[in-house]
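A single chain, nothing else alongside it, follows as structure tokens in the form predicted alone.
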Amino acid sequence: MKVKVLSRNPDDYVRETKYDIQRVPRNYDPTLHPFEVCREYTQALNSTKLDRVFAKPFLASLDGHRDGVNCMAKHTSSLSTLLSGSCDGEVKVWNLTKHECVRTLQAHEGFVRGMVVRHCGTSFFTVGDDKTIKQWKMEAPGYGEEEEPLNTILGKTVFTGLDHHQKDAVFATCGQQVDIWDEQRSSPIRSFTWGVDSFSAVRFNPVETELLASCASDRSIVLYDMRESAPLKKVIMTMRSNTLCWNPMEAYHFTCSNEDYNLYTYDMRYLDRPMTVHMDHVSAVLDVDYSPTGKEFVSASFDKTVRIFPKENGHSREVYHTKRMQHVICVKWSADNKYILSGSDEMNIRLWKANASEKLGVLAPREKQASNYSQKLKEKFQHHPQIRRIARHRHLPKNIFHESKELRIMKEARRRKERNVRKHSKPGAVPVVSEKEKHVVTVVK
């Protein structure tokens, strides 16, 4: 007589030790789990709601300046060190972990226009309204020692911006012209001019380190190569750009902040049209800084808000504001990709989370796993109307809300007028100009 028995391999279900997790056989066949997607959707919806509940981005306020904060600089090797310069010529060095000022020095007469830390992190440079470039030691002077700069260079005109080379002992300044300086010499090794009376910002490319770009007062952005004797090319826009920042991960891309309330991301090889126009601010954009991953950037505006944009997206994913914060003049993204620092008119530096609902501190492995899982679920269902509505919703101050509404109405009126003019003109007489091409006047090589 045949007896049929179930035969199972004990290795599949017996634990090796009593500390092991019980092995549970799972069949992943989707036909056996008809409600899996419904459960996942509910989880994604709940985690999106919880994200908005726990979105508390503001961390700390660093106060101590006696005038508006005009510029900031990140330390190249220390995450907890920040330098800030104010409109009364004072420079402060901050310890971000303790939220306190560790050193104050009177660097210049008048505004501190720019500051940058040397690539090795041992010293930093400042420029001011008193036509001087000063190099300072990063360590505070010893007991009884005077606070003296390591080196002082007296220029012929006021300097408005400053940046340091990523590897060499070379830095660039801008004012009435763009000058390249060697640290050992008191006169510039090269000067670039292109019929412009003044420049507002200059930036070295962090990837292709010989390239640099500057924003000029004639509404142009000029590109240079240090190995060449003349500028490479420039793009003239409809309104003036205030600052720019290179993408640290993509050598040819940079984003500039403009007076027409927008930011523009360009590929330096194709300057005839920007890759993306980033619109959301309701006043002039004063500063921009990229995250170290190169995927996002943060912008500071005259409309008293700080916004975070994905680099390929036309609208911001996040907006930060407080009742007390006035016009935001400078902004920085920390080198560990977790924090944002903003300096504003009312003498304060504010520390924000880059991800508003992120839990700070050490996470347990299970917490990490749960947050990664919910993040993936949110990505999976991000285009569902309910989830998209909750994730996108932001509370705005009343004046910004009304101004953005007004701007939308004005833009729509302009579009309608263009359509009507085109409709009543000879075919081809009024060409269709895309939003990207509208803002570029010409490219000069």
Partner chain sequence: MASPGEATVKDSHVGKKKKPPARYWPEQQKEGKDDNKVGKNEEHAEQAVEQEEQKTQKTTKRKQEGGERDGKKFISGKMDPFPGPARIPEDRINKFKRKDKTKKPRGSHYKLKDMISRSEKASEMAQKQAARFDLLLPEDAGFLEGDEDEDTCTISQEDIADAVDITAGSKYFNLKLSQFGPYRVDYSKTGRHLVLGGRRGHVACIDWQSKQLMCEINVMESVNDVKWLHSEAMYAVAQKKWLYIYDSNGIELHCIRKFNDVLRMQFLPYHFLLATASATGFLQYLDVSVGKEVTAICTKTGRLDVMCQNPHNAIIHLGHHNGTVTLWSPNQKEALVKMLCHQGGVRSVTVDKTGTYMVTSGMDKKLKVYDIRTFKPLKSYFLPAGASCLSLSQRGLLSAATGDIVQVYRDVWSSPVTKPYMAHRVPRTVWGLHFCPFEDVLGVGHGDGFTSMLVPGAGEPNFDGLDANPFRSAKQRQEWEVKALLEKIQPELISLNPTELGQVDRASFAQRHQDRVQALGFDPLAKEKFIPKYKTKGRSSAGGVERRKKQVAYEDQRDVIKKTVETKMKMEKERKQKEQKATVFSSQRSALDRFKK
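The structure presented is a predicted model; accordingly, all values stated were derived computationally and were not measured. Rigid core (definition): largest C-alpha set, two forms, superposition within 1.5 Å. Residue numbers count along the first chain shown, from 1.
Keep in mind that the form predicted together with its partner chain is not shown, yet the notes after this line are about it.
Partner proximity in the model of the complex: N46 to its partner chain, non-hydrogen atom cutoff 4.5 Å
Because a heavy atom of N46 falls inside 4.5 Å of its partner chain in the model of the complex, the answer is yes.
I'd like to check something about V24: if you look in the model of the complex, is any of its heavy atoms closer than or equal to 4.5 Å to a heavy atom of its partner chain?
Residue-level check for V24: yes, a contact with its partner chain.
K445 versus its partner chain, in the model of the complex: is there a non-hydrogen atom within 4.5 Å?
Result no; K445 lies far from its partner chain in the model of the complex.
My question is simply whether K436 lines the interface with its partner chain in the model of the complex - judged by any non-hydrogen atom within 4.5 Å.
Outside the cut-off, so no.
Which is the contacting stretch out of 61-69, 389-397, 402-410, 31-39, given heavy atoms within 4.5 Å of its partner chain in the model of the complex?
Of the options given, it is 31-39.
Need the contact residues for 1-21: heavy atom within 4.5 Å of its partner chain in the model of the complex, sequence order, or none if there are none.
The stretch touches the partner through M1, K2, V3, K4, V5, L6, S7, R8, N9, P10, D12, Y13, V14.
Threshold 2 Å Cα movement between this form and the one not shown for R15, core superposed
R15 C-alpha, core-superposed: shift of 2 Å or more.
H393: after superposing the rigid core, is there a C-alpha shift of 2 Å or more between this form and the one not shown?
Comparing the forms between this form and the one not shown, which are aligned on their rigid core, H393 does not shift its C-alpha by 2 Å or more.
After superposition on the rigid core, does the Cα atom of G428 shift by at least 2 Å between this form and the one not shown?
It does not, since the G428 C-alpha is displaced less than 2 Å between this form and the one not shown after the core fit.
Regarding D20 and E36, go with closer or farther for their CA spacing in the model of the complex versus this form, the difference being 3 Å or more.
Farther apart, which means the C-alphas of D20 and E36 are at least 3 Å more distant in the model of the complex.
Compared with this form, is the R26-E367 Cα separation smaller or larger in the model of the complex, the difference being 3 Å or more?
Closer in the model of the complex, by 3 Å or more.
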